[in-house]
Every structure is written in C-alpha cells, then in structure tokens.
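Below you will find one chain, with nothing else, as structure tokens; this is the form predicted on its own, and questions on how it binds or moves follow later.
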C-alpha cells in the first residue's frame, strides 16, 4: 500500500532493459558513456545500459526525489552513481532509503544508490575511492618522509572523503599534521567541521571561508614544501575558472591534484606551468574516476571487485582514454 501511494507522487518510466543511471550535471560528456559498455562485456552483462540524468547544481529537492523514485520503484532501474549532487540529493531524499552505510551517515552524502532484497541502499564510496587514488599518488609514509601538508579548495563530498580517509590512516606518517580546507560557502565548511569534531584525530584541520582566488594564492604560498594542493571545487569542469590565479605559486616539490579529468581544467594547466621551476607534480582525476566508478558498479551489480577484476576494468577504460 505504501509503495502505491509513494509511486503515485512521481512519474515512473518503466524500463524494458536493465538500466544503470549516472546522476550528474553534464553526464553525456563523461568518458563513462564509452567505458561502461566495455565494462559490462568484461562482467558478462552486456544487456545493461547506462543512462545519464542531468540536474542543475543545487537543484530543486523534488527533482532529486523524482530520480531516486525512478530507481526505487522501477524493477529494471538497477541503481546509480551520483556526482556533484551527493550531498544535496541525500538531504532531499534521506527518508526514501532503507539503509545508509556508515560513511554515508558520517559524510552526509551518497555517491552510490543500489538495491538489495527490495531495500534501497545509499553508500558513500568516495572515502574508499579517494583513498585508493591518494595512496597510489603518494605511496606509503609520504607525510612522514616529506613534512608536506594538504591544502584543499572545495568542501564538497570528495573533499570530505579525503579528510576522512586521512583521519582513518593508522600509521602516523601517512597522516598530514595539517589539513587546510577552503570553501566559498560557509555551510559546507560548518558541515565538514561538525564531521571532523565527531571523530578523534591528531590532524589539525583549518577551515577558511573565502571566494577570492588572490587570497587563495596567499594561503597557498604559506604552505610548506611537498604540500598536496587539491582542486575539489568543480571549477574547470562543472563551472568555469580555477580557485587560484595565474600568479599563484604552488609549494616547491608539491603535488597538484586536480579531481577532474575532463573539462577546461584551468587549475591543472596552471600547475603544469610550474612542473620545472618549482618541481610540481601534477595529477588529474582519471585514477579517481576509475576507482570511483568501479566501486559503485560493483555495489550496484553485487560484484566482488577483486584486484584482478579491477585491473581488467582499468585496462578497458584506458583504451578509451587513449
């Protein structure tokens, strides 16, 4: 009876073939549209198709409820990966989920929507995905070896996931002494602070409310050598620009990590201009993209993502990038 009442509120598009959704902003431009069919062949599920759902940034809550209702009530709508809208979607639809994993509850976001035994489940996979990506970039004992810190522009889901990953590192040399978080809106910073304060950590987290790229340049200039500077703002992909100016100097011997892999990527190109003079190492978001997607695909399709399978999927994805 409840299902009938709830379903009546929304227009459900009953699918005729198994469908995996991608909830984002400009989903049609993503490489996943070409990668996904290759992955389904590797998994022996060529019958599953992917469909994008483009929503405005900070969209109307009812629009988030509509897309979640589509997944929840249509048997052949298998699940979804969520980008950009991870926090806003959960705020609007929390009551529609029967289960949220611990990371989703801590971070207040969902990047994976799946179903198990008629139960709609939400998982926050970013702490796993960002962690796997960061570990591959830095190697073990990075912060202990270098004394570097972390400067992160943006306080959305991916940034919060990175903080959470570092907090959970058991080895002290794998944790930075300081993590500086800068965001244009105060609400996300307050949410991040609330999460960090609920956990025990020896990492000193600083929260800076700022939307002036020139001020970001000044803060970045004060960071020690080997600092990892992250662009988690969505600027250069979902919205134009960069969190720093062309005059901004990255830390000597540091790492510039652009969370995106497509778009104008202004921040990444600014960093590339400093690879020689300041010995800056530049990383884009491709590895994060692969880890993020394989984690969610495995969750939605209930696949055991063993290292051998991940390597096969990564190799298939690489053929598209070339």
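Residue numbers count along the first chain shown, from 1. This one's a predicted model, so the numbers in the text were calculated from it and none came from an experiment.
There is another form of the same protein, the form predicted in complex with a small molecule; it is not shown, and what comes next is about it.
Asker: Decide yes or no: are 188, 239 and 289 jointly within 4.5 Å of the small molecule in the predicted bound form, with each residue judged by its heavy atoms?
Answerer: Yes: 188, 239 and 289 each sit within 4.5 Å of the small molecule in the predicted bound form.
Asker: Mind telling me which stretch in 178-186, 89-97, 194-202, 134-142 gets its heavy atoms within 4.5 Å of the small molecule in the predicted bound form?
Answerer: Only one stretch qualifies here: 178-186.
Asker: Just checking whether residue 155 would be counted as a contact of the small molecule in the predicted bound form - the rule being heavy atoms within 4.5 angstroms.
Answerer: Flag for residue 155 set to yes.
Asker: Is it the case that residue 259, even though its partner is missing from this view, gets within 4.5 Å of the small molecule in the predicted bound form, heavy atoms only?
Answerer: Yes - in the predicted bound form, heavy atoms of residue 259 and the small molecule come within 4.5 Å of each other.
Asker: Is residue 227 close enough to the small molecule in the predicted bound form to count, meaning some heavy atom within 4.5 Å?
Answerer: It does not: once the small molecule is placed as it appears in the predicted bound form, residue 227 has no heavy atom within 4.5 Å of it.
Asker: Taking the small molecule as it sits in the predicted bound form, is residue 159 near enough to touch it, meaning that at least one heavy atom pair lies within 4.5 angstroms?
Answerer: Yes, residue 159 sits close enough to the small molecule in the predicted bound form that at least one of its heavy atoms falls within 4.5 Å.
Asker: Taking the small molecule in the predicted bound form as the reference, which of 250, 232, 71, 150 has a non-hydrogen atom within 4.5 Å?
Answerer: So the residue touching the small molecule in the predicted bound form, by this definition, is 232.
Asker: With the small molecule left out of view, which of 211, 206, 218, 246 would have a heavy atom within 4.5 Å of it in the predicted bound form?
Answerer: Partner contact (heavy atom, 4.5 Å) among the options: 211.
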